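Next up is one chain by itself, shown in structure tokens, the form predicted on its own.
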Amino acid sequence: MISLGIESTAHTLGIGIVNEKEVLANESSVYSGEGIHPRKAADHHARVLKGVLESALRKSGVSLENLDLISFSQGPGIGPCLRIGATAARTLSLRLEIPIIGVNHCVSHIEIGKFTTEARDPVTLYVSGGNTQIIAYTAKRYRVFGETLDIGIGNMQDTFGRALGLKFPCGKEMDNLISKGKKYLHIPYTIKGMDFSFSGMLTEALKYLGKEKKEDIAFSLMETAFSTVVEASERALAHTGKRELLLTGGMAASPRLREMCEIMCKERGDRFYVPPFDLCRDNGAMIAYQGMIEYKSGKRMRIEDTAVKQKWRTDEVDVTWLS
């Protein structure tokens, strides 16, 4: 089976093509601006979609007529952006007369991680712009064992980056600043049970601007934020009895976060996995793969069932493809 997936939940328009054995293509275009303006990001996705599609087909060596399935991010995400991907998916499905499957963006991050690493039943630390969750499979669902109570860790980093005048997205520049930080400044360590909060950390970090070196502020902010999610992940591993940690989402690119996860897992004797970065960040290949495994498990959708779900939670998905 050959599945084409369209990702359009936020700043990335991605198109991926996969089969049962490998990722054949994974092309994307990222909207950049002052954060994410929903309408402008959607306009970007509509403008670049044809070119990204052609690039994915060319790289994969697959023609439209060879496709067996169209998959798309049905949610969660930004409404105008989601609708661009959904509309394109419906158009392709109807034109080619092949099935369509809408998938949950967050669950797709987990499954592509399992597909491309040796992880089989992990606790997943999912860290991205809009989402920060600790997830594990039990009783036919991906259950959320801990999550942000306000903003995503990536949203926090990008907001702080804008205050420093960094371009969006600012991940690489922030990583560079973090690596140069030497002095730890007090940042409130906000963890409540298994949940965490980042807005107070951000507020405190902004107070230091103009008073302390930006390298030290960035280091202190992200060291504190990373510590909270790694602590909660360790507790989730202990609670569930699982022996694998999977790190995914756009923030998985952070060398310091990877290092902290690796240290924690090594001390526990657990295994640590991170997919290739182009499969950690938002991408079409994960959507294509998720649609394929759901279709093969028996899921079917009508066109009238493909309306987007902006607030579709990870733990609302019926996991039909795992025993």
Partner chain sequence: MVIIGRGAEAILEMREFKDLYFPSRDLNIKVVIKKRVKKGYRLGEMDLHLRRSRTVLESRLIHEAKKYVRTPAIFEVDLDECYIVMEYVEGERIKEFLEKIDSERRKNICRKIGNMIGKLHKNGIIHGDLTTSNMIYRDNEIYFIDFGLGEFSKEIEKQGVDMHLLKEAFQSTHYEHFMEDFENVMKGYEEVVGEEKKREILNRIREIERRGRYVRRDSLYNKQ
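Numbering follows the first chain given and starts at 1. In this text, all values refer to a predicted model and were calculated from it rather than measured experimentally.
This protein has a second form, the form predicted together with its partner chain, left out of what is shown; the following refers to that one.
Residues D158, S197 and K213 are none of them found to lie within 4.5 Å of its partner chain in the predicted bound form, as judged by heavy atom distances. Of the candidate stretches 67-75, 234-242, 172-180, 85-93, only 234-242 contains residues with a heavy atom within 4.5 Å of its partner chain in the predicted bound form.
The contact residue chosen from R162, K207, R120, R143 relative to its partner chain in the predicted bound form is R143, the criterion being a non-hydrogen atom within 4.5 angstroms. Its partner chain in the predicted bound form comes within 4.5 Å of no heavy atom belonging to T116.
The closest heavy atom approach of Y126 to its partner chain in the predicted bound form falls outside 4.5 Å. Among residues of the shown chain, T203 is not one whose heavy atoms approach its partner chain to within 4.5 Å in the predicted bound form. Contact annotation: M260 falls within 4.5 Å of its partner chain in the predicted bound form, judged by heavy atom distances.
Along 211-236, these residues reach a heavy atom to within 4.5 Å of its partner chain in the predicted bound form: F219, E223, T224, S227, V230, E231, E234, R235.
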